[in-house]
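In C-alpha cells, the next block holds one chain alone, the form predicted on its own.
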C-alpha cells in the first residue's frame, strides 16, 4: 500500500463536516449560506488535487493509505485508501458539491442554510464510503449518508415527499440491516473488521453463500436492481434537483461498488454460484427499466427508470468475471454519474421556468431555448451510448464482456441499448420540436451564466471521456486485473481442494461434466466399443 504524508482522504471527509458545523452554528443569511457552501466546494476540489497529481497509474494496490488504531480490543481501525475501483468515484463526489450548490441557487427558497448543511454532510459521507477499508468505518459512513438524503427529500421535496422519503429510508435501512449481519458474521469468523485482511481470508462455501446473500440483497436495494427498484422513481421525482443529482451520480454507485469491493474478493465461491441469477436479474433490470422509461410522461420518472436500466449494465459487467466486463462496469458507473446527473440538473433548470416536469408542458423549446436544448441534446444522446461520447465506451465494454462469456447473454442485453435510444430520442425530440409547442416557452429566458457554469464541466467530461477514454482505462485496468486474479486464484484453490477430497468417480464425473459429457453414457459407449472389438 502506498502511504502519503498529507492525509488527503481525511481532509476530504472532515473538511465538509467542519464546514457544515460552522455553517450550522452561524447566523448566515440565504446568500451567505450559498456562497459559503460554494466556496467550501471549491476548496474541497483544491484539496483533491493531490489525488490527481500523485495517483500512480499502473499500480493495482491501494494508494493514499491512512491507518490508525481505533479500538484495538475489538479489531477496529481508522483505515482509508483508494484504488482504481474507488478513485474515480471519490473525484466525482468532490466535483459534484459546487455544481449542486449552483443548480440549487434559486431552486431552493426555504431553509437554505439547513439545505447546504445537508449537502456538505452528504459529500463527507460519500467520500468516506468509497475510501474506508475497515468494515465498521465503512458501515458508519454507509449509514451516515441516509440521514441527509432522507432530509433532502422529506424537507425540500415535492408534494409526495413524505411518502418518498419514508420509502427510501425503509428500503435502504432494510438492506443496511442485512449488511450489518454479514459484517458481524465475518468478524465472528476472523476476529477482524479489516477489509484487506478479509479479502485475503478464505471461508467455507456454506458461509459464503449466506454472507453473499445478505450483502447482495443490501447492494441490490441500493443499486437498485429489479425488483427492488420501486423506491427509486418516487425518490427521484420528489427530491430537489441537487438531491436527484447526488442520488443518481453517487448513491446508486455504492451498491455496485459493494459488489466489486466485497462480494467478488471475499465471497468468490458464492459469487460464482449465484452469477447466473445475478446475470438474469441484471438483464431483467435492463429490459424492464427500458420499457417502463419508454412509457413515462414525467421527465424525472423517465430518467429514474433509465437509471435502473443503466445500472443493470453495471451489474451485468461485474458478474461476467472478465476484464472487459469489469472495466465496462466501472466506466458505466462513472459515465452514468456524469450524464444522468447532468440530465437531472437540466430537468431542474426547466422546472424553474415551467413549474412542470411533464413532457407535454415542455415541448417545442428548440426555437425558444437553443442553448438549453443544445446541452440537453448532448446529454440525451450520450445517455443512450452514442459513439464518440462517454457512455458508449462503458456499455460497449460490457457488451464485449457479455459476448466473450456467452453469446446468448450478449444478445439478451442488446435490446436494452435499443430501448435507451428509443426513450431518450423520444424525450429529446418532443422537447426540441414537439407540437404543440408550449406557449409559455416564448417568454422563458435561455441559460444564464450560472447555468452555463454548472453544465459546462459535465459537457466537457461527456465529450472528453468519449474521445479519450484511455486515461480512465489506465486508472481502472490494473485494479480490475488484480480483482480478477485474486478471484480466479481463490476459485482454483477451492476447486483443487474439492478435487483432492473427492472420490475417483466424482473427479471423473466433474471432468466429463465440464466437457459436456455424462459418466454413465461414456461408460456405456466404452463398454459397447470394447464388445465390438472382441
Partner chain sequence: MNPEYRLDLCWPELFQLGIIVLLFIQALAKGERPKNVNWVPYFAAGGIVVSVLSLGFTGTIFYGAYSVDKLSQFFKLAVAVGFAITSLNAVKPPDIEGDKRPDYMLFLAFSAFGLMVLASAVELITIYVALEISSYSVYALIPLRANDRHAAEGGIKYIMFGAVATAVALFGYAYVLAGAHSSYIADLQGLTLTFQAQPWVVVGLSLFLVGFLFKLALFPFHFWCPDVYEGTANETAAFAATLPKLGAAVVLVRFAALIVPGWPIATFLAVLGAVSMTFGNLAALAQRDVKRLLGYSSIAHAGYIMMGLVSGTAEGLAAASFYALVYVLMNLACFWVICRISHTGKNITLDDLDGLAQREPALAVVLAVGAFALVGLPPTAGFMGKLFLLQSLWDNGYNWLVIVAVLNTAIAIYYYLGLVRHAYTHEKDVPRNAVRASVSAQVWGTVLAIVLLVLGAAPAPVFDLAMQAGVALLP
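The shown structure was predicted, so the numbers you read here are calculated from the model rather than taken from an experiment. Numbering follows the first chain given and starts at 1.
Although it is not shown, the form predicted in complex with the partner chain is what the next lines describe.
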Task: Non-hydrogen atom within 4.5 angstroms of the partner chain in the model of the complex for each of 150, 177 and 193 - done: yes
Open item on the list: To test your reading of this chain, name the stretch in 372-380, 67-75, 232-240, 426-434 whose heavy atoms come within 4.5 Å of the partner chain in the model of the complex.
Closed with: 67-75
Open item on the list: Can you work out which of 446, 405, 114, 352 has a heavy atom no more than 4.5 Å from the partner chain in the model of the complex?
Closed with: 114
Open item on the list: Considering non-hydrogen atoms and a 4.5 Å limit, which listed residue (287, 421, 294, 155) is close to the partner chain in the model of the complex?
Closed with: 155
TODO: Examine residue 107 and determine whether its closest non-hydrogen atom to the partner chain in the model of the complex is within 4.5 angstroms.
DONE: no
TODO: Consider residue 162 of the chain shown here, and say whether it contacts the partner chain in the model of the complex, taking contact as heavy atoms within 4.5 Å.
DONE: yes
Open item on the list: If we define contact as a non-hydrogen atom of the residue within 4.5 angstroms of the partner, is residue 173 a contact of the partner chain in the model of the complex?
Closed with: yes
Open item on the list: Can you tell me if residue 275 lies within 4.5 angstroms of the partner chain in the model of the complex, counting non-hydrogen atoms only?
Closed with: no
TODO: For the heavy atom contacts within 4.5 Å of the partner chain in the model of the complex, list the residues of 183-198 involved, in sequence order.
DONE: 184, 185, 187, 188, 189, 193
